[in-house]
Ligand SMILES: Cc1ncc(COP(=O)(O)O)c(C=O)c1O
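So this first bit is one chain, no partners, the form predicted alone, shown in structure tokens.
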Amino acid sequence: MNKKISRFGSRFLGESGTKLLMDDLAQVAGSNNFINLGGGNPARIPKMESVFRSAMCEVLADRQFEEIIGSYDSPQGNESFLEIVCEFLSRNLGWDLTTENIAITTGSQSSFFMLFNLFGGMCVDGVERVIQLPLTPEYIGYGDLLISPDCLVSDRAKIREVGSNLFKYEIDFDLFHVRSNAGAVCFSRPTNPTGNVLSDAEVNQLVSLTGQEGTPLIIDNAYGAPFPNIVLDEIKIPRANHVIHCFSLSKIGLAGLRTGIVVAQPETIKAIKSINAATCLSINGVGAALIARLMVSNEIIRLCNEVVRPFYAEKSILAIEIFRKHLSGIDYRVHVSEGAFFLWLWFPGLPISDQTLYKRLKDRGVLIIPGSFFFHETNCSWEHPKECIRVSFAQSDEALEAGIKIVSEEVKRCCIKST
């Protein structure tokens, strides 16, 4: 490694879970040699693609397209779209907002890079503050965002067995407390990678605890309500002055357009606007243009409830059934599937590491994500992460059947050899 490169820059030259995931996505693009059960790319849902194609035709027809591609927008986001988002959230969630509470970003990853580094790291008062995750496993991408890499900390989840071959992670409130040097607390709902949905009671407790400490609480709604609403049960979305909500257009089918939405206090929004101005000048307005009319009419709510959510609910049931068929006879657990489009599998006592299993499966043409990348504990000594993998079910039924069969064969092979 070039020793003249900055410490910050050197972090991006090594291995990371996010880099692995995106490299795998690039490798399988246009290839028939892999079954991709690993990546976080949403499914191609024909009904949604048709809706967005029609929206693009409307944009082209009224010459809005030329304005979008030919002019810079505000670094806070297109002003008319900010008003549309404000009215949409106020109408559907009952929130009292103005456009000063909303900023548009180049996707959720960008949103969290800005927020994590606003609240985490060495602060102007001389205190080094951390971003605290109330439980892990959590989103793989959080681990690569902080300029000060040691400033992401996490608490270990409590495991509860909930039925035959099923389990669920929960916040261990007997141990959890908002750390004195926490710049912010953050969680995703539903959680990527497990499909876990923190209960309303858990969320309300986090809102209360962070509020008492005056610590921002960041909620990642990339898979949650009100869009794409890949949540199997109804949930309430909390609103408080110290709560920051992040939304995304990716999982409704616009992943390639990289559009994120942040809802926060005006001071935070001003900071995001300034960072956008410095790093990218302006925000790509194509995603906003394609969804604007759907927000105004509330059609996006109907599409998410009647098209997107049922699509993934059926896929979840199918994937679990396939695993049950092929994993019969060995010890395994599946995290209760409550949202998103992943299954999280735990193989207690797995005789090889998750990384070794990943490599063996890749050699057989199947991609998964090793579980240990989702645990953000420093010097983690827990064996549990090495016994877990994440599998995406946002694939065709045929790909799921073929890929899960190979995953099950490989797990069985190493488990039987060890007995």
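All residue numbers are counted from 1 along the displayed sequence. Predicted model, so just to flag it, every value in this text is computed and none were measured.
One more form of this protein should be noted, the form predicted in complex with the named molecule, which is absent from this view; the next part is about it.
> So in the predicted bound form, is the named molecule close enough to I230 to count as touching (4.5 Å, heavy atoms)?
No.
> How about S154 - does it come within 4.5 Å of the named molecule in the predicted bound form, if we only consider non-hydrogen atoms?
Residue-level check for S154: no, no contact with the named molecule.
> Just checking whether W344 would be counted as a contact of the named molecule in the predicted bound form - the rule being heavy atoms within 4.5 angstroms.
No - in the predicted bound form, heavy atoms of W344 and the named molecule never come within 4.5 Å of each other.
> Might G107 be said to contact the named molecule in the predicted bound form, defining contact as any heavy atom within 4.5 Å?
Contact with the named molecule, yes.
> Among 271-279, 172-180, 216-224, 307-315, which stretch has residues whose heavy atoms lie within 4.5 Å of the named molecule in the predicted bound form?
Stretch with heavy atoms near the partner: 216-224.
> Which residue, S337, Q76, N101, S248, is the contact with the named molecule in the predicted bound form, using a 4.5 Å heavy atom cutoff?
When the named molecule is considered in the predicted bound form, the option within 4.5 Å is S248.
> Given that the named molecule is left out here, which of Y139, F323, F81, F116 has a heavy atom within 4.5 Å of it in the predicted bound form?
Contact check passes for Y139.
> When you measure heavy atoms, are F112, S188 and R258 every one within 4.5 angstroms of the named molecule in the predicted bound form?
All of them do, each having a heavy atom within 4.5 Å of the partner.
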